[in-house]
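Given as C-alpha cells, the chain that follows is alone and in the form predicted alone.
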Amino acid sequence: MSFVKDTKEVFRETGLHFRTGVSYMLPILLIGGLLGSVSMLGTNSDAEIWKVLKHIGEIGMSFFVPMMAAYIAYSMADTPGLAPGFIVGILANETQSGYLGALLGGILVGYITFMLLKIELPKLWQSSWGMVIPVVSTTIVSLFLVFIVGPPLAIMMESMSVFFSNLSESGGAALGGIMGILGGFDYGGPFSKTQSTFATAAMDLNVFTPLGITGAIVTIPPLGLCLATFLSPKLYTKTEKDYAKSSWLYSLIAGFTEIAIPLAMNDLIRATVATVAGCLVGGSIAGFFALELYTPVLGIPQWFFYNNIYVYIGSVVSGVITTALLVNLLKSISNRDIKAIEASEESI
C-alpha cells in the first residue's frame, strides 16, 4: 500500500465521481420534483391522491441527496462504498448540512473506504476485514459530520438568523442582496434554508418582504442555468442540455432550487458564482421595491399572493439573465473539455 500513490489514484477522477453521483441521483430528483409539482394542482382538495403524490414528492426531494452521496462513494470505492455513502448522505440531511455536507461526506467516506480496502492482511483476516471496512468508514465520517462540521454550522446559522433579524427593520436592497447571496450559494442547503426560515418566521411579525425576496430568488438558479444551455449549447454536454430541456418547465411550475444541482455539479465553482450573482441581483431588486409575498408557497401558485407581480417578474428575469450570461462567460474562458466529460458520462 502506497498512501500517496493510492490517494492520487482515487482523486485523479474526481469529476467522474461527481458525475456518477449526479447520474444516479437524477431519477429520484425528477420523480420528487415532478410529482411534487403535480400535487400542487390539488392544494385545495381533500382527495387522498393529492396527499399521496405530495408524499412521494417529499420522499424524492428528501432522498436525492443521500443517493448522490452513495454513488459518489460507490464511484470511488466500488460496492463497499455504497452503503456508507447512503448513510452519510442521510446524516448530512439530518445535520442540516444539505447537499454540500453530503458532497463532502460522500467524498470522505469513499476515500476512507478505498484506502482501507488497500490494507493487506493475512488471508484468514481478509474476508472479515472486508465486512468491517464499511462500518469503520461510516463511523469515522459520521462522527466528523456530527461533531466537527455540525457545531460550527449550527453557530453560523444562528449568527445569520440574528443578523437577518437586525436587518429586517431596515429592509431594502441590502437585505435582498444578502438573502440572494445565501439563496444562490448551495441550492436548497443550509445557507438557503437559513434565509427561507428567517423569511417564514418574519411572517409572524407581519413582515412579508423577506418572503417576497425568497420567492423571487428561489427559481433563479435552475432557470438561469437552464437558459444558459440554450444560449450557448456548445459549452455544455449532451446530458446537461437534455436535462435543461426537461427541467425548465417544472423549475417554473414548482420553484425548487434543488433542480439546479445536476447542472451545477460538473462545474460547481463557476455555476455557484453565477447563481450567487443572479440571486444577488434578483434579491436586491425585490428588496429595493419591497416585494411582499403573503403565503409560503412555491412555484406558480405563489404568483397570486404578491403585492406587485411586475416587481416579481422583473426580479426573476433580471436574476435569470445575470446567471445565464455570467456562467456562460466563465465557462467560455475556462479549459472545460466537453468531449472528455461526455466520454466519461457515457462510461457511467
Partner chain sequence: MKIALITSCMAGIAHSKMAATALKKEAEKRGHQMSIEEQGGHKVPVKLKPEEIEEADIIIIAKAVTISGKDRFKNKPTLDVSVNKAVRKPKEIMDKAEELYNNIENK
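Positions refer to the first chain, counted from 1. Just so it is clear, the model here is predicted, and its values are computed rather than measured.
Although not depicted, the form predicted in complex with the partner chain is the subject of the following passage.
A.B. asks: Work out which of F114, Y250, F86, F208 lies within 4.5 Å of the partner chain in the predicted complex, going by heavy atoms.
C.D. replies: Exactly one residue meets the criterion: Y250.
A.B. asks: Looking at 115-123, 251-259, 217-225, 140-148, which one sits within 4.5 Å of the partner chain in the predicted complex if you count heavy atoms only?
C.D. replies: Result for this chain: 251-259.
A.B. asks: Each of R19, L30 and K193 having a non-hydrogen atom within 4.5 Å of the partner chain in the predicted complex: is that the case here?
C.D. replies: Yes: each residue has a heavy atom within 4.5 Å of the partner.
A.B. asks: Spell out, yes or no, whether the shortest heavy atom distance between F198 and the partner chain in the predicted complex is within 4.5 Å.
C.D. replies: No, F198 is distant from the partner.
A.B. asks: May I ask you to check whether S97 falls inside a 4.5 Å heavy atom distance of the partner chain in the predicted complex?
C.D. replies: No - in the predicted complex, heavy atoms of S97 and the partner chain never come within 4.5 Å of each other.
A.B. asks: Please tell me whether any heavy atom belonging to Y187 falls inside 4.5 Å of a heavy atom of the partner chain, as the geometry stands in the predicted complex.
C.D. replies: Although the partner chain is absent here, Y187 would touch it in the predicted complex, with heavy atoms inside 4.5 Å.
A.B. asks: Taking the partner chain as it sits in the predicted complex, is L26 near enough to touch it, meaning that at least one heavy atom pair lies within 4.5 angstroms?
C.D. replies: Judged by the heavy-atom cut-off of 4.5 Å, L26 is in contact with the partner chain in the predicted complex.
A.B. asks: Do L235 and T20 move together or apart in the predicted complex, judged by C-alpha distance changing 3 Å or more?
C.D. replies: So the answer is farther.
A.B. asks: So the C-alpha spacing of S247 and E13 changes by 3 Å or more in the predicted complex; is that change toward closer or farther than shown?
C.D. replies: Farther, not closer.
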